[in-house]
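Single chain ahead, written as structure tokens, the form predicted alone.
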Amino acid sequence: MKQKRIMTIQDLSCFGKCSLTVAHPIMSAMGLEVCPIPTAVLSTHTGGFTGWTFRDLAADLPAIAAHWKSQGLTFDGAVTGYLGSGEMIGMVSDYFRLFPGMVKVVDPVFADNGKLYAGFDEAYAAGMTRLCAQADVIVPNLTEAAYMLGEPYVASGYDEAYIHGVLRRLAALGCGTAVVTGVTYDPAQQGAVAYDAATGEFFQYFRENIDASFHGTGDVFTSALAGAVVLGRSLPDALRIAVDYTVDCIRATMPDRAEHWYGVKFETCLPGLIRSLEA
């Protein structure tokens, strides 16, 4: 059987367990041939560390795409994470155009908890909205969804009808499938809800809501979801695989959360992820 091949376009934080440092091993463990495109190299991620180094690699992206194209390379999927600039969004759009036929998964990564991340503005959010319109699957959190739709952020107290409305409006931007993460109807549970625009169906999957926050869990979720989708798993299966794996990673880290605050122990949970693909 031909091995599926996926490109992933995001930054590389050498320490901190996010972006490429989780995307590459997670999707490789799932059996995919992973081709990383680092948009920047940082000594650590920027959440909680100070004095980190940063090297912008944006200028390399067009040359990588041109060389791949010259070699006749093809890809079954692409997943994007933190990009960091409007220029980079345009480059990713070029990749989507140059390599047609692949499943395109976009995690917007520009806001959370009702606020834009440092260094981003509404123009960036608008650019990311345009990129999401070109995707097959988008994976925003509720803050990013609000910015993309130009609506007020609703942190809590929402119901299923509200989330379904958000998903319909996100899909209307142009993507095939919209997935919203961090959904909590019941304080005891948290999960993700998806909408397939082609069939009009909604799917959801929830696990226990763990009272903890770790950097990189969004990247863990998106990597597992994208891997499952590119492998041809159904949308309900992909949600189950991604939510279960993310929760398992958090649970595995909880006993050591004070020292391991910078990211989850996703490596120790890879055997369970592999087993979940057999279910």
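Values in this document were obtained by computation on a predicted structure and should not be read as measured data. A residue's number is simply how far along the shown sequence it sits, counting from 1.
The same protein also exists as the form predicted together with a small molecule; that form is not shown, yet it is the one meant from here on.
Engineer: Thinking of the small molecule in the predicted complex, which stretch from 208-216, 26-34, 60-68, 247-255 has heavy atoms inside 4.5 Å of it?
Structural biologist: Answer to the contact question: 208-216.
Engineer: With heavy atoms only and a cut-off of 4.5 Å, decide whether F202 touches the small molecule in the predicted complex.
Structural biologist: No, F202 sits far enough from the small molecule in the predicted complex that none of its heavy atoms falls within 4.5 Å.
Engineer: Verify the contact flag for Y117: yes if a non-hydrogen atom of it lies within 4.5 Å of a non-hydrogen atom of the small molecule in the predicted complex, no if not.
Structural biologist: Within the cut-off, so yes.
Engineer: Although the partner isn't part of this model, could you tell me whether Y82 comes within 4.5 Å of the small molecule in the predicted complex, counting any heavy atom of the residue?
Structural biologist: Close contact exists here: in the predicted complex, Y82 approaches the small molecule to within 4.5 Å, heavy atoms only.
Engineer: With a 4.5 Å heavy atom cut-off, would you call G47 a contact of the small molecule in the predicted complex?
Structural biologist: Flag for G47 set to yes.
Engineer: Only one of A135, M88, V109, A178 has a non-hydrogen atom within 4.5 angstroms of the small molecule in the predicted complex; which is it?
Structural biologist: Selected option: V109.
Engineer: Which residue, L231, V243, L235, L42, is the contact with the small molecule in the predicted complex, using a 4.5 Å heavy atom cutoff?
Structural biologist: Answer to the contact question: L42.
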